[in-house]
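As a starting point, one isolated chain is supplied in structure tokens, in the form predicted alone.
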Amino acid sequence: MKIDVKKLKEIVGEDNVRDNIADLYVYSSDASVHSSKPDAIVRPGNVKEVQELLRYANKNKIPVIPRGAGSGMSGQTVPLSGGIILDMKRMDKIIEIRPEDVICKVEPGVINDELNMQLKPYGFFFPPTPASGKICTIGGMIGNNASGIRSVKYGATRDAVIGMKVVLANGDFVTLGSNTKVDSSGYQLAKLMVGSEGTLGIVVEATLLISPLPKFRAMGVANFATLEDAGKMISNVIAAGITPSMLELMDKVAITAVNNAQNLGLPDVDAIAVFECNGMVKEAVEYDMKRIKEICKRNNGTGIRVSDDPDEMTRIYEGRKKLFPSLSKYSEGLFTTALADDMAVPMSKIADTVHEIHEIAKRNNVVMSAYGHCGAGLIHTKILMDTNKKSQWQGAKRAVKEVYEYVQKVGGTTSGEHGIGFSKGPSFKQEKKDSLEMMRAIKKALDPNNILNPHKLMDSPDDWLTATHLRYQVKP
């Protein structure tokens, strides 16, 4: 495969093509553990340039990997067989905001937090709230069906996308979905694109549902001596018909890491739950918070605090907010890796799953944290290990396999919000074995030359550990 760099520069301009070794190195990895070098980086600025680039790539059967901020944790934008990284961040216009229709239209390079800053004067916000909101782009969120801490009330990106404009592998331009919240006109192709990780087309514009900013908000925290009690509390809150805007869990590993890194003085307990309610009526928010407090007490919750003071709410949330960057401070010599990191399970299985995760970690000589948006059934895990040691990677590989086997056993799913890429490929293919050929048929119909982000999702390698170089110096 030989790429005509001169041709690429003719399409997007000389300043928007890179093929020097430094840039190729930077774009060889995302936030996953993987690394594989592309042949060129191209930054299109409009739909016409995207179309021309794809026509060229399709004709010459060159892989094209669309990329937003590169914050994906599963290798979604790692180019396993080289090719062109399509950096979409130049296409960053907020095309229109229509509060009267509760929608906005944006290009894929718009950053999530920037969109919310522009929506705020209208009294609206875009509900998906990923932790990477300061850098992640709408296009990346669509590719992975991102969600975040408020998914328990507002759902994920797929729930907010009602229409889009897409450039297909052959350069054709199509409009999918509508400008309306309800749409029963044929196949829901816009929804199909969400979560497809750039394997079916390049999103060049999205129509998104926006929500009114709540006028009132309150937050609380409760401590639990056992994971079982914390899991029952979470399940009971949802079963009671309460819809919190946030319901988060931190396990003992996470609590220890945050205390080591931030010296927050969090209590020495097995689990901490952080919860929030919001709405337009203060009395309704207060009523729901009161009910959650009662459920916490019934499930042996202690140290329960509730507040609607902004400063106090910030303090309550401080530990959860700083959790991910703190994990590498859990123990000297252990580093955080994103591997089995965002499974979802039925509510009733949260406590059992967190317990099993720790047992699996112990068996395989690694440390695993468990935390996340448990009000939506989503559990985040990170594997903490000595990344220099090959034996630790082998233990991590076994742990990942065992975790996902358990998740599937209890009726869960491989990824709740971070996507598959190829880190989670083996589990994904096992979970979706009955529909893999259907997915491949759709892929072939839209991308017969398989140029769009190949070797991902249903076509990912069977062994993620050897599929690419690792971003770590591993000793024998």
Partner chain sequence: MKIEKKELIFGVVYLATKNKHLKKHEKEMNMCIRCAYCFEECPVIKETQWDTDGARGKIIMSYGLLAGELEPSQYIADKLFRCTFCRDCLDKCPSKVGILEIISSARADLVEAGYASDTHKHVINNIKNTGNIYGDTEVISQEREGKTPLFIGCQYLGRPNKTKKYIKILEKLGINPVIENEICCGYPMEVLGFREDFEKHKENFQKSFPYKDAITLCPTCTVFLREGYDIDAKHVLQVILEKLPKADLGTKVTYHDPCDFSRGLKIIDEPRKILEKLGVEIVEMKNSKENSRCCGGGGGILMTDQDLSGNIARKRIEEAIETGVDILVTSCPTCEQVLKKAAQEISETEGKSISVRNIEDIIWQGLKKGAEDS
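So that the term is clear: the rigid core is the largest set of C-alpha atoms that superpose within 1.5 Å between two forms. Residue numbers count along the first chain shown, from 1. Given the structure is predicted, the values throughout are model-derived calculations rather than measurements.
Here the subject shifts to the form predicted in complex with the partner chain, a form of this protein not shown in this document.
Proximity of Y287 to the partner chain in the predicted complex: non-hydrogen atoms within 4.5 Å are absent; the residue sits far from the partner. At the 4.5 Å threshold, heavy atoms of F335 reach the partner chain in the predicted complex. In the predicted complex, the partner chain sits within 4.5 Å of a heavy atom of V26.
In the predicted complex, the partner chain stays beyond 4.5 Å of every heavy atom belonging to E431. In plain terms, the part of the chain that comes close to the partner chain in the predicted complex, with a heavy atom within 4.5 Å, is 382 to 390 out of 349 to 357, 208 to 216, 365 to 373, 382 to 390. Between the partner chain and the residues P426, G70, G416, P63, the one pair within 4.5 Å by heavy atoms in the predicted complex involves G70. Of the residues K322, K282, K293, K105, just one reaches the partner chain in the predicted complex with a heavy atom at 4.5 Å or closer; this is K322. The partner is not shown here, and in the predicted complex the stretch 389 to 418 never reaches within 4.5 angstroms of the partner chain through any heavy atom.
After superposition on the rigid core, displacement of the C-alpha of G319 between this form and the one not shown amounts to 2 Å or more. Whereas the shown form places them at one spacing, the Cα atoms of G319 and G133 lie at least 3 Å closer in the predicted complex.
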